[in-house]
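Presented below, as structure tokens, is a lone chain in the form predicted alone.
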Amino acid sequence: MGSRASTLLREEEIEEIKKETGFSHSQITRLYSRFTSLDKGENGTLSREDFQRIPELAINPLGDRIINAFFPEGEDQVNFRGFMRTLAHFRPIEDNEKNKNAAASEPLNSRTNKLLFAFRLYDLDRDDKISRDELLQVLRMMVGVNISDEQLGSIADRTIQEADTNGDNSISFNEFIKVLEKVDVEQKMSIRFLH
């Protein structure tokens, strides 16, 4: 099975994915092996059902939201390249990446892109702002029935009140960034991938 994974991924594809995502050659081949093991249809793509078989996602209260992040709007399959682009948001930022060429496009694992990824988990209707209802839905996903609707409403109201600087009763991406400016997003949104 291990040889199947390495033969289907061409060297030039690995190089392109390395440039685009910052993953090392060995990380890409290891993740390709994991990708192919999840690909139950053996068609080179993953479906939502394939993702739901991942135990860590199955038990995560935001698992469905995270799974949705892998799929472009209107798509129900993701190929390996798309899989890697999404995973790249969770790649730790290395010291040598912090002072990269400003003219180059921002890496997928930059602080801004990590925050945008997190923002989109809350922005359920993709209108570029988080409404009270969206915040309530995500809070409900995270806490289940452990907190009353009244308490959740109070948390949502207080959060919006603190974050909303322009008075539109929602949280824009810029407001989201400002609220999280002291949070170590790089640490909290990183997964250690084996080298």
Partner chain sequence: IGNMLKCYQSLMLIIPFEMADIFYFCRRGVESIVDDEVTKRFSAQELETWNLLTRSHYNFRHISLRLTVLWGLGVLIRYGILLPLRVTLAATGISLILVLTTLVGFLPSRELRFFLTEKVHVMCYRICVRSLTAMITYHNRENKPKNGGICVANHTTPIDVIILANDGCYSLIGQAHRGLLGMVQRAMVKSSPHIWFDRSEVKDRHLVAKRLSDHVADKTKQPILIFPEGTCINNTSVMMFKKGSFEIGCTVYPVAIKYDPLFGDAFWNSSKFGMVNYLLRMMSSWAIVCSVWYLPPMNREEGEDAVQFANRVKAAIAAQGGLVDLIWDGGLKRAKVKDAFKEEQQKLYSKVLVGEQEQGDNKSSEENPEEDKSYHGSANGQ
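All values derive from a computational prediction rather than experimental measurement. Residue numbers count along the first chain shown, from 1.
One more form of this protein, predicted together with the partner chain, exists but is not displayed; see below.
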{"item": "4.5 angstroms heavy atom contact with the partner chain in the predicted bound form for residue 154", "value": "yes"}
{"item": "Contact label in the predicted bound form: residue 11 to the partner chain, heavy atom within 4.5 Å", "value": "yes"}
{"item": "The partner chain contact at residue 168 in the predicted bound form, heavy atom, 4.5 Å", "value": "no"}
{"item": "The partner chain contact in the predicted bound form: residue 176, any heavy atom under 4.5 Å", "value": "yes"}
{"item": "Candidate site 54, 122 and 144: all three near the partner chain in the predicted bound form by heavy atom within 4.5 Å", "value": "yes"}
{"item": "Any residue of 55-85 that, in the predicted bound form, places a heavy atom within 4.5 Å of the partner chain", "value": "55, 56, 57, 58, 59, 60, 61, 62, 64, 66, 70, 83"}
